[in-house]
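Here you get one chain, nothing else, as structure tokens; it is the form predicted alone.
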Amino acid sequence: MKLSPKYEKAMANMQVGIISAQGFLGDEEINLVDIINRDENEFNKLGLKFDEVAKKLKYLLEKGQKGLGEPITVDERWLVQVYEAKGKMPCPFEDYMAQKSVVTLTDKNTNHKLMYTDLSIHLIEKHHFLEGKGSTFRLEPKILKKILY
């Protein structure tokens, strides 16, 4: 399947070393639209909604920022640590500039963990993109459900 120019450009921007040293596609050998379609299907099966997941991740990021780099407990359930670096990172779809924030989120009840960024939230909310399998900040739908709900 031929990608539209928008997705071709985004996929080119997601390659290793273009926007980030690790890239966004991980070990995937399928195209960007197929990655998004697969993850949308997984979200539907799990009863997840992209805007709600993005809203929850943003809430936890904002709460975690109050720890000023130290881990803090949020709502008695999550341990959140936010590391903020100077500068911004562009969205590979070229529609957003994200703060360089890395969030480590731990569900204190299950000890499940995940890492995400300010850009991850934007990619989920606006593009339904969770990054490719094997990428540093890939957000697996099943893990999101276990940790957030």
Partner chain sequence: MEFIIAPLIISILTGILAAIISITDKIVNNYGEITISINNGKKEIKIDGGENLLTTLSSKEIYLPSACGGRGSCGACKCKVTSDVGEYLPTEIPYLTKEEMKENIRLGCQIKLKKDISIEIPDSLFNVKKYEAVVEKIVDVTHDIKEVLFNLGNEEINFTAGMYMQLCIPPYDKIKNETQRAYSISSKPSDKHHIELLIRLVPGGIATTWVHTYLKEGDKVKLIGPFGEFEATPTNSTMICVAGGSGMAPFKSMLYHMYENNINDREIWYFFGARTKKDLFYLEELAELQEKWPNFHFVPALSEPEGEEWKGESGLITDVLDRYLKTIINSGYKEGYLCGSPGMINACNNVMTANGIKLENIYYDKFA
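Numbering follows the first chain given and starts at 1. Bear in mind that the values here come from a model prediction, so they are computed numbers and not experimental data.
FYI, the form predicted together with its partner chain isn't displayed, but the following is about it.
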Practice item. Taking 4.5 Å between heavy atoms as the contact cutoff, choose which of K45, K113, K56, K108 touches its partner chain in the predicted complex. Key: K108
Check your understanding: Looking at E94, D34, E62, E52, which has any heavy atom no more than 4.5 Å from its partner chain in the predicted complex?
Key -> E94
Review point. Hey, in the predicted complex, does E40 get a heavy atom within 4.5 angstroms of its partner chain?
Key: no
Check your understanding: So in the predicted complex, does any heavy atom of D27 sit within 4.5 Å of its partner chain?
Key -> yes
Check your understanding: Does L139 make contact with its partner chain in the predicted complex, using a 4.5 Å heavy atom cut-off?
Key -> no
Study note, to complete from the structure: Contacts from 42-73 to its partner chain in the predicted complex (any heavy atom within 4.5 Å), listed N to C, are K66, G67, L68, G69, E70, P71, I72, T73
